[in-house]
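Only one chain is included here, represented as structure tokens and corresponding to the form predicted alone.
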């Protein structure tokens, strides 16, 4: 399998730690990623709400560029770490295929930019690549610092498996759990792993969005998690960056590291912390495998 890489806007900005860790981990596993040339916004967020057709056009341009860049490769995937980007790219593929009127309009728009899309791109999430292409057994062989004793709350969020379950179960995804087990960590069993974190509500109706994130952190902490692992830049931002405000608002001292799953993979592989973007975290993650402890992790009043 050959892999192109679509970072999307977030991984070049607020989700930079995600990009740092994804690129470092894939390099360490000898899975080369080639960034998509001249990529543009995927069409997520406000585009989809204001003009679905424009969102499809933006997304389809990326798919066409990927197909063009990988023209001589028979088996390739477009690795898309951001949950929103992943969803929109997959949704665009589905709609172009299932709704001919939309497909015709988008093909006409692409043609005006000297592009065409033949439906050959396979959009892939890095969770899917690591668990199913690379394999958890092989991943375990790269572990130098097992995460023994670490209890992880695997948080998938809304968009990776809903509404399109391309590589995992919609209601009970387990891919991230399998990866964490390969690293030597334990995972908690919790029902909120696909519940919404509040999404963009933290920027519009903050009290509603923040409460949704608080409910997730509270439950993860109640179940004994040492750290929350996520695969979405917006989820990571919401769950980590509002913890001080949550503590004031709900009179509950919330302090729990929220990291990208790829940072934990790189940590277990023994990759340098800076290469994984660990210094970018607001709530530090410091795990001592020998002592089997997380320092500065979780403090929640009951």
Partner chain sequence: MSTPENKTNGTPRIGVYVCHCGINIAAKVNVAECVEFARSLPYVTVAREYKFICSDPGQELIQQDIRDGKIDRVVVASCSPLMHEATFRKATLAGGQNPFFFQMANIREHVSWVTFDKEMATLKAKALIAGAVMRVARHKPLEKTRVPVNPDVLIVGGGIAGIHAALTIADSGKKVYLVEKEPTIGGHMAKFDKTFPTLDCAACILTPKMSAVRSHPNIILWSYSEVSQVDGYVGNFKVKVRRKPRYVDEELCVGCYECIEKCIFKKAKFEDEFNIGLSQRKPIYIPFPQATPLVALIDPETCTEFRTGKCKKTCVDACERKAIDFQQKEEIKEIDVGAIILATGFKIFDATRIPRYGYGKYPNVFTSLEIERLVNASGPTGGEVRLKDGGKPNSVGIIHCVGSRDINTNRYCSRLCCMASLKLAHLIKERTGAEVYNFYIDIRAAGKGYEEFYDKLLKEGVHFIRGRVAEVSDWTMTADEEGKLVIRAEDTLIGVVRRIPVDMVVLAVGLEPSADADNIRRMFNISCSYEGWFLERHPKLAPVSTFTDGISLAGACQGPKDIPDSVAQAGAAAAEALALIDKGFVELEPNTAFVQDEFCSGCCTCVALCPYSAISFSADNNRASVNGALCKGCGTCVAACPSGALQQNLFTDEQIFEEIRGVMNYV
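Worth saying up front: this structure is predicted, and the values here are computed from it rather than measured. Residue numbers count along the first chain shown, from 1.
The same protein has a further form, the form predicted in complex with the partner chain, not shown here; the description that follows concerns it.
- In the predicted bound form, at least one heavy atom of residue 189 sits within 4.5 Å of the partner chain.
- Residue 73 falls outside the set of residues with a heavy atom inside 4.5 Å of the partner chain in the predicted bound form.
- Although the partner is absent from this view, residue 219 contacts the partner chain in the predicted bound form, with a non-hydrogen atom inside 4.5 angstroms.
- Although the partner is absent here, residue 181 lies well away from the partner chain in the predicted bound form, with no heavy atom inside 4.5 Å.
- Using a 4.5 Å cut-off to the partner chain in the predicted bound form, each of 171, 211 and 215 places a heavy atom inside that distance.
- The stretch among 139-147, 121-129, 173-181, 189-197 whose residues place heavy atoms within 4.5 Å of the partner chain in the predicted bound form is 189-197.
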